[in-house]
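Okay, here we've got a single chain as structure tokens, the form predicted on its own, with questions on binding and movement later.
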């Protein structure tokens, strides 16, 4: 009887296995499932006109267009256009000798990117001037870029002047900067980001969708510089994306953005390193939160759920942005306010230290008898201190993306600035240069 039972069970197993193989074979040979909602129009690859994408995705497009008018301010920034030079006149001195000392406005919404870059007072449109503005400045401003990079290559693109590129740029930031037409998957479109990730041995095409909801922001929201005479857009990530690795990269390459007047310090200007800042082991990043989770939360229009493309500060809609994870959003907004106030006040103290260092270095240079070795050490520390401060200042969260990191960087920046001040004073033996507050600045509230 046992033998019959064994035979019956074996037969059942074989039959079930055969059925399973048959089902799997059948499923595999079925044609690919069509999308539940068929597109109304086909979108061409790298289509720069976002309104065409909007025919298929009206909610996303309509919400994105709100970035053109959402000028609501927050305590420390928001989307309202204001001048950092008026709000904090210290920055006029910190960026002396560089175009940012003439014009430095806060960023407006994404839909204004093209208009704002053309309106900035930092442009030099004299193509006969060796310091003319390169086409590279358009890199993060337009949906025309993916197609132009594909057609020209980034090297040829960057070698053109701003004026030469202008007729080719007609659309502000939009769908093609982050999405692949047809599939709508999130993609890397900036060649500089592709190169930076590849140099680290990372293949963005293997990333999960949740990871890409942060990585696509790195198409633009990063630290970068224009390399060589061709002004080739480059991310300084070869040594890593933390502040020390980036500083080491610039030191090894000998790069400088400008020389500080009457001090001859080889200076660096930080851009907007949100990606590097957020991914440096921040609490939210380590918890698996993406940029889009907070800045592009899911909302509903009737029965339709979609990611809002009205990109702005989560503080302006905390219930939607923060409420997906936090039940007490009032506590969250109060906590954010406390963090940002601490970082903002610490940042001003750091600026004061850097300005004292600048005053001391300029005095040492003017004296004409400074110890060259000590003065060079002071300049190096000045360069590092200001870049570290700017890494926090130019990052668009007033420290909240990574509070501990922000305060650590500012503390080290202050330390290096005070060392620079001390070395400059020692270089000419003038202890009066060790005093603080040797400049006069009244910040605008």
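None of the values given here were measured: they were computed from a predicted structure. Residue numbers count along the first chain shown, from 1.
Omitted from view is the form predicted in complex with heme C, to which the following refers.
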query: 4.5 Å heavy atom contact, residue 404 and heme C in the predicted bound form; finding: yes
query: Interface membership of residue 50, heme C in the predicted bound form, 4.5 Å heavy atom rule; finding: yes
query: In the predicted bound form, residue 397 touching heme C (heavy atom, 4.5 Å); finding: yes
query: Touches heme C in the predicted bound form: residue 259 (any heavy atom, 4.5 Å); finding: no
query: Candidate spot 64, 290 and 326, all three touching heme C in the predicted bound form (heavy atom, 4.5 Å); finding: yes
query: Interface stretch in the predicted bound form with heme C - options 346-354, 179-187, 125-133, 363-371, non-hydrogen atom within 4.5 Å; finding: 179-187
query: Listed residue (159, 269, 295, 227) with a non-hydrogen atom within 4.5 angstroms of heme C in the predicted bound form; finding: 295
query: In the predicted bound form, the one of 112, 234, 171, 241 near heme C [non-hydrogen atom within 4.5 angstroms]; finding: 112
query: Stretch 308-328 - residues with a heavy atom within 4.5 Å of heme C in the predicted bound form; finding: 309, 311, 312, 313, 314, 315, 321, 322, 324, 325, 326
